[in-house]
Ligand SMILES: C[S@@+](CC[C@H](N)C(=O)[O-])C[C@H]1O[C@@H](n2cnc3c(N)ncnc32)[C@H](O)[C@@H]1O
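One chain comes next, on its own, written out as structure tokens in the form predicted on its own.
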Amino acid sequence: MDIEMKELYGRIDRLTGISRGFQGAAVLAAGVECGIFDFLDKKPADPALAARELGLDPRAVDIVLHALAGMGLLELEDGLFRNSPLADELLVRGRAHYQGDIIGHSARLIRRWVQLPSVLRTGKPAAGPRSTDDRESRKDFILGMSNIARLSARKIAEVIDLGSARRMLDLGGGPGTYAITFCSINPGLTAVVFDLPEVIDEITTGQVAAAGLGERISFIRGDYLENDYGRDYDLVLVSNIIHSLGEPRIREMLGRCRRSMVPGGRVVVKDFLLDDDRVHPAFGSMFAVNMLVGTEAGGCYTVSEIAVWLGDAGFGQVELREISPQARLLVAVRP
């Protein structure tokens, strides 16, 4: 085969990998939902035993276990499957860095993404249930946010210096992971988690109680687009909220944040902020598509755009902080 043909095959392989990316995602999500990784944490098993113990179809389990092994998520030896080190760390429920909830949420998103051609024609979000429409979907979504936040909360605490903070608002705080982490790091800090009543009552209160921080973390049940945030905060965290909104709503929300804060207080906006080319980081430009299929006006915004909106809301000293290849912070001060 000549060099030109090899290069052509390489380009085709790359394109094929993109076009079939959904397949690996579906196999992974099924493994999590059906308890395969949890089961194999107890002992290695062959497909017949796994199917019997999990109440699944033997032929289907045989095929999927081999596919999971091909993906590097399981190991096969002498006819028995066991979790790979990656699965052992991230896919067994109860592990410190468990990612199964966010994987479950991502699997539900597939139903919306396949409607992208219709979205392109109409400009309207995909039809079907939203991430918080029913209790099970809401649980995956909110606890999925916790899966992610556990990895970033301490990093954020490092780059913003929590030492001077005394009263914090975790806006749209979901499971309260940031409030819990920040209060654990700074014993002089109290926090308020603001979110919808069903989120607070079904998930957040339990997370806070389990962390033993019920006396230092309180709750406001409401809609951050409609209700008052409270007062006298010297730290307001707006984490992964702005991508669900359009510019007018973001500006309104930033104004509400400012009115809730004391002079000298800081607002921290964490999101998948883009460079001015709106292409990089690539995670952000792809995540914008998720907002396209899922919301009326959401998207991912550039650092420059958010900095302008913060300034127009009355904040100063706007600074960019990098926390991961995907996520960035903008920190601003209320004069």
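Note that the structure is predicted; figures quoted are calculated from it, not measured. Position 1 is the first residue in the sequence shown; the rest follow in order.
Missing here is the form predicted together with the named molecule; even so, the following discussion is about that form.
- Using a 4.5 Å cutoff between non-hydrogen atoms, residue 149 counts as a contact of the named molecule in the model of the complex.
- In the model of the complex, residue 171 approaches the named molecule with a heavy atom inside 4.5 Å.
- Interface residue remark: residue 240 is counted as part of the site for the named molecule in the model of the complex, having a heavy atom within 4.5 Å.
- Taking the partner from elsewhere, residue 247 is found to have every heavy atom lying beyond 4.5 Å of the named molecule in the model of the complex.
- Contact annotation: of the candidates 141, 233, 219, 182, the single residue with a non-hydrogen atom within 4.5 angstroms of the named molecule in the model of the complex is 141.
- Among 191, 91, 160, 145, the residue placing a heavy atom within 4.5 Å of the named molecule in the model of the complex is 145.
- Note that among 71-79, 192-200, 110-118, 205-213, the stretch whose heavy atoms approach the named molecule to within 4.5 Å in the model of the complex is 192-200.
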